[in-house]
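The data below hold one chain only, encoded as structure tokens and taken in the form predicted alone.
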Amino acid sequence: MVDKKDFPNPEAFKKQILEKYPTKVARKRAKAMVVVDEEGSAPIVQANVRTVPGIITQRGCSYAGCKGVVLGPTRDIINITHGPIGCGFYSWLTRRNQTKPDEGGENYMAYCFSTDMQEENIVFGGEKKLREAIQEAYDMFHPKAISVFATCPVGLIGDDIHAIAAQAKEKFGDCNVFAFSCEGYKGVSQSAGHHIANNQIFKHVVGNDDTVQEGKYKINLLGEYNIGGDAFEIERILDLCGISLISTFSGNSSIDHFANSHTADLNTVMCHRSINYMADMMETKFGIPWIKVNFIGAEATAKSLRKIAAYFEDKKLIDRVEEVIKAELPAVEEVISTIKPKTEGKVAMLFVGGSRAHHYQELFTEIGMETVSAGYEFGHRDDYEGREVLPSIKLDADTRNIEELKVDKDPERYNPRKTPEQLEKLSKQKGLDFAGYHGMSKEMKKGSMVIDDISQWETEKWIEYYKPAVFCAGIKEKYAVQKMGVPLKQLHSYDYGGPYAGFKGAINFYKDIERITTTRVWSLISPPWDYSNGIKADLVSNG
């Protein structure tokens, strides 16, 4: 028996949800919940605006996006959190990023570096403590690079972390030291931290090593963070195809890879939101074009490999890619044939950051499941509607709070990999959409509900409406959703699963979803609020 059913009128149910909000809040949230009227169209979604105070949100802060997402997976940079130790928890490895250091290479990802600011540092300033922390890290480890991340108190008291970093870099000579003004209050979500991370890595690291690596087909993979070993699987496939991976931003990454990334001939972008800034800046300065790819899903992986091969216009590579796809797909198809009868017709809901709420719909489709509702934690309108809406997006105060780098062509190293005529030909004949992304909404079915920055209240009500076989989100939502008797698949750090990228990763995901959606344990769960009276209290007036 399948779970899929007709959902008569999501707009009517949306009104029921909004009735519980104050008028002003309801008006704002209504713009963030939209129904796809027609497949292939993209309704206007309110996105990248501040969460309403008091609403329980999925979002993280700017510091989490900068340190936790973009810099966290880089193994040989010592990342120092300048702030109280509470923030310092996120300077440890929390997202199951994996890495494999080169022989003799360093791996600092298992360490937690923090200045552990105390009250006296907040009052009198923390610059002295930061200098001591940088010096201690250098003396103990002699790393190639040290980075400093500002947390909220640092921005409020005015510690000049950039000056301190520059002084340390000059003093050490053999260690690149740079800083990130990624205070948690900057921007509306962790998306601001991604942008800040892109800027500083581009400014201080990219282009520092002009060594030309071996390989005929050289690419960078942007926006892949090696959760559960995803990057390892992608690297395996690229190796089989004979494609040289110069750098990944930033799964299984090294500062040396970042420094040398400008020597690649093509940038491929996985998570559009977190890294599109880097792709644009590298194209402007060094002439490297970029295309959007997706290695989540077997068919999506095959399509992305073909796009890369088409770009290089080499029959040998095109044939090799087809051989790899032909060799990998039978195992995938065999598992699908076993699992699909058990999952077909079931429905899923996805509310995950970055492009995951989009990409993972591919995997569900491959086993016959339908995504009836999806949204991002920290998406912008172009992540939903496509990059063609960028000129129409108005800059607000929060966006202006983030530095926009002025990037020009490098006078010596700007080298367009393709002429405008070649790019146009590839676009027309091979369908390569350079510097383009169509967004998530256009690929969702008519009647699907798209929700940006979903709240806990909305989560509970939409689960009651759709009764999904599986809900995909993060760790903060996991246990509240499961208490409702609905399995939640964590797609930020995969719980203890993965990899889910590439061909073998797809097989892992199919099996995990089959186990989750067919077990009877969820039907035996009763939420505690159904049988517990809770705590009662009376309001007593002192008047």
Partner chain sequence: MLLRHTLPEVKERKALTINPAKTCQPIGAMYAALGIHGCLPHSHGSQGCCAYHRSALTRHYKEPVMAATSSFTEGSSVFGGQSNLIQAINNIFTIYEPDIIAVHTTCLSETIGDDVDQIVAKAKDDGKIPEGKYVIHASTPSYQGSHVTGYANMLKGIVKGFAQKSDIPREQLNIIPAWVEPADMREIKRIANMLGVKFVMFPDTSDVLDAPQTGKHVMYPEGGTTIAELESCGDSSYTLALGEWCTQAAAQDLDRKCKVGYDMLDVPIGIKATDRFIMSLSRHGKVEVPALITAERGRVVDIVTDMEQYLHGKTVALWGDPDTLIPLVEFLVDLEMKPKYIVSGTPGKKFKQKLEELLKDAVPDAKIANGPQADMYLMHQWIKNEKVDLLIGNTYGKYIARDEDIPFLRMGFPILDRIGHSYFPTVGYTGAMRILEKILGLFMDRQDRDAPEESFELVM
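Residue numbers count along the first chain shown, from 1. For clarity, a rigid core is taken as the largest C-alpha set superposing within 1.5 Å between two forms. Quick caveat: nothing in here was measured; it's all calculated off a predicted structure.
Quick note: we don't show the form predicted in complex with its partner chain, though the next part is all about it.
Enquirer: Counting non-hydrogen atoms within 4.5 angstroms of its partner chain in the predicted bound form, say which of 283, 106, 299, 209 makes the cut.
Expert: It is 106 that has a heavy atom within 4.5 Å of the partner.
Enquirer: Tell me, which of 243, 80, 177, 472 has a heavy atom within 4.5 angstroms of its partner chain in the predicted bound form?
Expert: By the 4.5 Å heavy-atom cutoff, the listed residue in contact is 80.
Enquirer: Just to confirm, residue 498 within 4.5 Å of its partner chain in the predicted bound form by heavy atoms?
Expert: It does not: once its partner chain is placed as it appears in the predicted bound form, residue 498 has no heavy atom within 4.5 Å of it.
Enquirer: I'd like to know whether residue 57 contacts its partner chain in the predicted bound form, with contact meaning heavy atoms within 4.5 angstroms.
Expert: Taking the distances in the predicted bound form, the answer for residue 57 is yes, it comes within 4.5 Å of its partner chain.
Enquirer: Although the partner isn't part of this model, could you tell me whether residue 119 comes within 4.5 Å of its partner chain in the predicted bound form, counting any heavy atom of the residue?
Expert: Yes, residue 119 is a contact residue.
Enquirer: Just checking whether residue 393 would be counted as a contact of its partner chain in the predicted bound form - the rule being heavy atoms within 4.5 angstroms.
Expert: Looking in the predicted bound form, residue contacts with its partner chain do not include residue 393, since no heavy atom lies within 4.5 Å.
Enquirer: Select, from the options 342-350, 200-208, 139-147, 357-365, the stretch whose residues sit within 4.5 angstroms of its partner chain in the predicted bound form by heavy atom distance.
Expert: That would be 139-147.
Enquirer: Look at the candidate spot formed by 163, 274 and 287 and say whether its partner chain comes within 4.5 Å of a heavy atom in all three of them in the predicted bound form.
Expert: No residue of the spot touches its partner chain in the predicted bound form.
Enquirer: If you apply a 4.5 angstroms heavy atom cut-off, which residues in 401-435 are near its partner chain in the predicted bound form?
Expert: Sequence-ordered list has one entry, 401.
Enquirer: Examine residue 523 after superposing the rigid core and state whether its CA is displaced by 2 Å or more between the shown form and the other one.
Expert: Moves: yes, 2 Å or greater.
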